[in-house]
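Coming up is one lone chain in structure tokens, specifically the form predicted on its own.
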Amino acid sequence: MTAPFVHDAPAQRVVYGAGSADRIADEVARLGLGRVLVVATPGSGARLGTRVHEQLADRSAGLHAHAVMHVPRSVAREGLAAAHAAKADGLVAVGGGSSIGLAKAIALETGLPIIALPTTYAGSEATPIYGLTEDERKITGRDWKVLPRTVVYDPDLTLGLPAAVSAASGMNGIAHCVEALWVAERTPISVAYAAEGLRRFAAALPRVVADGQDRDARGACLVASWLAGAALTAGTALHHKLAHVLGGLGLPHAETHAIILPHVSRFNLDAAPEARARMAEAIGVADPAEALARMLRAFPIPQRLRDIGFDGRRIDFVADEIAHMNVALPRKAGADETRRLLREAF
């Protein structure tokens, strides 16, 4: 029997295809925007941001290439000031979750529409979830005004993404799919998105890591990341709450998701037979948690929390933070359970 559910499906335009980044000016014009602020990270993100800024010509109000991981409140305030100073009427977020996260923080305060041009598999562009960090805590929230109005996926922009970054980002996307299969708020649509996203990631991500020039696999991972983000809109549970607490301590976002995913899956799937069955079918294995562990081991990324700078003395702090969140589905995760899980991942 299908359980009662409520499914929100806000409008979002998705443009996919090789070379679609060249349509960015048309997409800005389609929304009637005339002064958009281009948001990017420093370094390579700034180079792509400059390219987009130049493509937009008179429709660009400038480039703000100061996005960083986890969106510290100070960085969000600087971004908000830049948008006000530029008299921006919209935002173009270029890059991964850091750029999109900063654009969301600005939109949260201003209501400015976002056009996202993702270059990783984070999936943030497909969710109304935002996050801000301050004083070793990451605060997340949900607001439909931060959901990008348009997303432009161009596989060509991901061809230079290093294998390690691709692997960690893809595992982050897989985590969205996995979590969406067991959250209490799941719906038939979100479950379908999650299962299809997981199927695409499982088939394409190893190919991407093996050959970064595989355009078909790159494209499949971008589509999977869109499905993963859309699925995550239903809600989050232990995995993401744990990743957010760890992120507040400064751990790298994608790598943290990748490392804890097999451990959280092993813990939760014993109490989530429907999720286990869907994962097993999507990946094509009998033991999906072990399959995720094998995937992690095969990728050139950190394998343990200690490898990314987590201080084992903070395990009790993280466990207590999770305990206060009262995570009970699909399985109760109190301080003791979380402590054991973190020790395994450490």
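Just so you know, these numbers come straight off a predicted model, no measurement behind them. The numbering used is simple: start at 1 and walk along the sequence shown.
Keep in mind that the form predicted together with a small molecule is missing from the display, and what follows is about it.
- For the candidate set 256, 190, 98, 268, a heavy atom within 4.5 Å of the small molecule in the predicted complex is found for exactly one residue, namely 98.
- Distance criterion of 4.5 Å from any heavy atom to the small molecule in the predicted complex singles out 160 from the list 250, 273, 111, 160.
- With the small molecule omitted here, the record of contacts in the predicted complex names 125-133 of 125-133, 181-189, 75-83, 205-213, defined by a heavy atom within 4.5 Å.
- The shortest heavy atom separation between residue 45 and the small molecule in the predicted complex is within 4.5 Å.
- Mapping the unseen interface onto this chain, residue 60 falls outside it, with no heavy atom inside 4.5 Å of the small molecule in the predicted complex.
- In the predicted complex, the small molecule sits within 4.5 Å of a heavy atom belonging to residue 138.
- Within this chain, residue 169 lines the site of the small molecule in the predicted complex, having a heavy atom no more than 4.5 Å away.
- Contact check at 4.5 Å (heavy atoms) against the small molecule in the predicted complex: none of 20, 55 and 115 pass.
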